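The chain that follows stands alone, in the form predicted alone, written as C-alpha cells.
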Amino acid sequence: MFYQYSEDQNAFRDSLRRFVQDHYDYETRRQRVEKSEVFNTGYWRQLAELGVLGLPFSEADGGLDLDFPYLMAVAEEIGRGLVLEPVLPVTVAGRLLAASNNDDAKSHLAALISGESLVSLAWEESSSRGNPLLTQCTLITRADGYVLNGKKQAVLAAAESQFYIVSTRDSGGDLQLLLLNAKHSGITQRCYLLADGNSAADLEFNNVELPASAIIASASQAEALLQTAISESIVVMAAEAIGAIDQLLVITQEYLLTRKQFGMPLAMFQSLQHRFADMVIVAEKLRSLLWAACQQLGSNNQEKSAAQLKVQLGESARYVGQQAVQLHGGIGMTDELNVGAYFKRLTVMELLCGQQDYHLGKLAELELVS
C-alpha cells in the first residue's frame, strides 16, 4: 500500500520548512556547535508558537490533537535542516506523560506545549544495550515514600529539561516510571555534546527521596508505555533520517551535475550514476518501512515494525552517508561542507534506541513467539 502525507500535513510541513530555512543555515549551526550553544530559547518559543510542540497532544492538554504523520512531517524538516533544538525527544517524552494516569504529572503538559519547560526520557543504561526493560536503577520503599539510586546515560536534552521521566524497578521487580524535577536533591549531571552536535547528559541518582506521587506508571502499564515511547521514538527518528537523506541526495546530485572531470560532469559517468541510484533505492526502502511502522503504532505489531524500521534505518543511513562523502571526495570530509554534518547525524541515529544487533535479535525472538 502506498502512503503519503495529506494536503494539510504537506501545508504544515511547508510552513515549517520556511522557518527552518530562515533560521538554520549551516554556517550558523556550525558556529553554534563549536561554541556549545546548541539550544536557542528564542527558536524554541517560536517553534511552540508555530504549534510544533503541541501537535500530538489533546486539546484538553492544550495541544492541537493531530495525528502522528504530522509529527513525522515535522521530523523530516528537522532532519533536512539539521535542527539542534530537541523537538522530537521532548515531544515523545511528553506523549508518555500524557498517556499516564497521574493527573499531577499531566499538569506539566501545558507548560511543555507552550515552550516554557522541557521533559526528557531517561531509560538508557550501560547494561541495557537497547532494551528499555533492562534497568539497574533501584527504587526502595520507605515509610514516607521512596528512594531512587542508579545511573542513566545518553539522556537527550537533559541539560535543557526541567523534568525527567526515569525508568526503574522496585524491590518486587516491577518496572516503575517516575517524574522527577531536574533540580531535585541527589541528582547529578554530566553534560556533553554528541558527535552530531546534539545535547545529551549522563545522570546519577544518589539516594533521591521521592513521594508516592512521583510514580506515573507501574508494572505492566509502565512497560507498555515505555515500549510505545521507544517505538514512537524510532518512527520519528526514521522520519528525521528521511529528511536528512533526502537533503543529502539533493546536495550530492547537484555536486555530480556541476563538478567536472575529463571535461564532463561527474554525473555523466555510468558507475557514479549507478551508485547514486543505489542511494535512492535504500532511501525508498526506509521510507516504505517508515509508513508501515507508522500504521502499526498502537497495535500488537508495533514493536516488530519498529524493530524492522530501526534495522533499515541503520543500513540506509550508513550507506547513503558513506556514499555522499565518497562522491564528494576529499571536501566531503571537511567541517565546512554540510555533507559531513548530515553523515554524523545519521551515524548517531544508528546508535540511539538500540543498535542493529539488538533489533535483529528482537525480531528473531518475535518470530519464535509467533
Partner chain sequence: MMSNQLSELDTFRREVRDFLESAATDEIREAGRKTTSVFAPFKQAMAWQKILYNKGWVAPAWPVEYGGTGWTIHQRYIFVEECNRLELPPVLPQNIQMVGPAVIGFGSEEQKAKYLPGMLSGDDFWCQGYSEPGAGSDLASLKCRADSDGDDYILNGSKTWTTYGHHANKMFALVRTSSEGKPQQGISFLLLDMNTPGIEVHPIIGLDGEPEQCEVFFTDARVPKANRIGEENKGWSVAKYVLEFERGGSTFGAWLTPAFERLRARCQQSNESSVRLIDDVSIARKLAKLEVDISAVEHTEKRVNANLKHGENPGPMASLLKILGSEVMQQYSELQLEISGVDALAQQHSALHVGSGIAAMGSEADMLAMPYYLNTRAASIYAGSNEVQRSLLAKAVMGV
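Numbering follows the first chain given and starts at 1. Keep in mind that this is a model prediction, so the values were computed, not measured.
Below, we refer to the form predicted in complex with its partner chain, which is not included among the displayed structures.
Student: Wondering, does Ile331 line up within 4.5 Å of its partner chain in the model of the complex on heavy atoms?
Tutor: Yes, Ile331 lies within 4.5 Å of its partner chain in the model of the complex.
Student: My question is simply whether Ala195 lines the interface with its partner chain in the model of the complex - judged by any non-hydrogen atom within 4.5 Å.
Tutor: Yes.
Student: Does Leu272 reach its partner chain in the model of the complex, with heavy atoms at most 4.5 Å apart?
Tutor: Yes, Leu272 sits close enough to its partner chain in the model of the complex that at least one of its heavy atoms falls within 4.5 Å.
Student: With heavy atoms only and a cut-off of 4.5 Å, decide whether Val325 touches its partner chain in the model of the complex.
Tutor: Close contact exists here: in the model of the complex, Val325 approaches its partner chain to within 4.5 Å, heavy atoms only.
Student: 66-74, 40-48, 307-315, 53-61: which one contacts its partner chain in the model of the complex at 4.5 Å, heavy atom to heavy atom?
Tutor: Within 4.5 Å of the partner lies stretch 307-315.
Student: Can you pick the one in Glu240, Glu124, Glu85, Glu232 that has a heavy atom within 4.5 Å of its partner chain in the model of the complex?
Tutor: Flagged contact: Glu124.
Student: Since exactly one of Thr141, Gln261, Ser218, Thr188 fits, which has a heavy atom within 4.5 Å of its partner chain in the model of the complex?
Tutor: By the 4.5 Å heavy-atom cutoff, the listed residue in contact is Gln261.
Student: Kindly confirm or deny that Arg32, Ser117 and Leu177 each have some heavy atom within 4.5 angstroms of its partner chain in the model of the complex.
Tutor: No, none of the three is in contact.
Student: Who in 136-152 is close to its partner chain in the model of the complex, meaning a heavy atom within 4.5 Å?
Tutor: Gln136, Lys151 sit within 4.5 Å of the partner.
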